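Next comes just one chain, in structure tokens: the form predicted alone.
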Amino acid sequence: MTFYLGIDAGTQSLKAQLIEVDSGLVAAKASVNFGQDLPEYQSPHGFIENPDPVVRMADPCMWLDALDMLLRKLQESGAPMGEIAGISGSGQQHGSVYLNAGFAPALARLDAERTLSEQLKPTLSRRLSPIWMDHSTSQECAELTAEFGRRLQDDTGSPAVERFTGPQIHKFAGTEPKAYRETTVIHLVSSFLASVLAGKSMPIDYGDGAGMNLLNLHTLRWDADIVAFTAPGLAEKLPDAVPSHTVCGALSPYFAKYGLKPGTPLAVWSGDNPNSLGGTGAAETGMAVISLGTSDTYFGSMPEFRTDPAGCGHVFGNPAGGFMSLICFSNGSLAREEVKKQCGVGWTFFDRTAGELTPPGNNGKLMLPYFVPENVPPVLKPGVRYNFDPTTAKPEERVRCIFESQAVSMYLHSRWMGVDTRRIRITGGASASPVFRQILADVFQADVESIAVADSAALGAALRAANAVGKLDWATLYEKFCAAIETVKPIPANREIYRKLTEDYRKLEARI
């Protein structure tokens, strides 16, 4: 039996999945919830509360204590730690960790009798790390945009984005110049934890590096001009950027206390979005993933690099090679729940009955469901718009309206990818609705597949370890770990209904 370990450093928890590739089974799981298991960090939502709602920072020592705790939990569960053949991981994308000259020596002499946080805390040149939820860099984004204009998106895959690492570094260098000068290396969350495991500084992979506004996706190198403008001497502080399948480290002797073998091969870590693409089995061209959560996210593989003309979509690296898109719609489950509340109906009616009582296309009823500010398209001022009078519409018509409006918006705003989507993997709470699944299948005219995958980022990291270390091909791994458990087929007769509805939605949206 051959085992591979995947670790996911998410916003609110650290999770692990241990897979056995011969049987295609998940052999063990473990998780550490930051709020429940590490209350001393006062971060129940993964960050330290701040009076300014746009500031979202986390303590890197929390992630280190969580890593010690996670591996101890795995060991105590009876997991075959000594038989693990390779390890990789996933980190919440865009978060950054700032370290001084003591980092490399401290990693090289880690003492198993002491905790990781105790030994590495003195090596932090910036005590707290900005995470992906931080939006405090609007001024820095404006400065980057003024300097580089459209080239920033054309070359890095995204316009200047507040939560991205480049603007965060730009702000740090400008507001804390002394601490910045003391910084010798800047890691992402992913490469930071990979470095801890390896006992040496590890590189950043293309997938996670693409979420920094610093990596030129044409050359797959740090863009010299953007890097130089972002902060003085930044080029010397960035780790190398490497392909996602790179094996570039071996496990530090420190981790033998958890039953792991020193020297176990380590594949470079990546971001949570690229890992989730792999963990849902959707890294091949023609497949996409729709995650229906608080925000709805659409992401899929792209055979070649191209950017969204509207500036709403982002481009990252695909762990299986090539690129992936990601589009995040702010009004996801929050909008659906508000419509349900307004209609005064239960979940059975919302998810099932409403669809049975209304025809596809809903006689043209559409809404722009901006209950909160929207990312796609950028709408700063909330406000719901209708092309009908909602006060006279039946509850079932309003329910189908929110489903169809969200589905055609996803279709409309994903066309820039230039990919004919044939299969969609669907996850998240609303994926349980048979009405929504059928609408998505009909709008995209694609198979909509439900999967049993849980913790897709951790699973994706384990699959990446199997691919990089064990040289197992992605198709075999997907067949064993990511097979669909249910498929909804599109109804060809509904194609034209939804093409017209999509065009009507485009016109309605254009009015704002």
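Residue numbers here begin at 1 and follow the sequence given. Computed from a predicted model, the values in this text were never measured in an experiment.
Absent from the display: the form predicted in complex with a small molecule. The rest refers to it.
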Option from 91-99, 331-339, 115-123, 362-370 whose residues, in the model of the complex, bring a heavy atom within 4.5 Å of the small molecule: 91-99
Non-hydrogen atom contact residue 410 with the small molecule in the model of the complex at 4.5 angstroms: no
Heavy atom of residue 436 within 4.5 Å of the small molecule in the model of the complex: no
is_contact(residue 296, the small molecule) in the model of the complex, heavy atom dist at most 4.5 Å: no
In the model of the complex, residue 316 touching the small molecule (heavy atom, 4.5 Å): yes
Option touching the small molecule, based on a heavy atom within 4.5 Å in the model of the complex, out of 406, 156, 301, 273: 273
Option touching the small molecule, based on a heavy atom within 4.5 Å in the model of the complex, out of 326, 198, 144, 260: 326
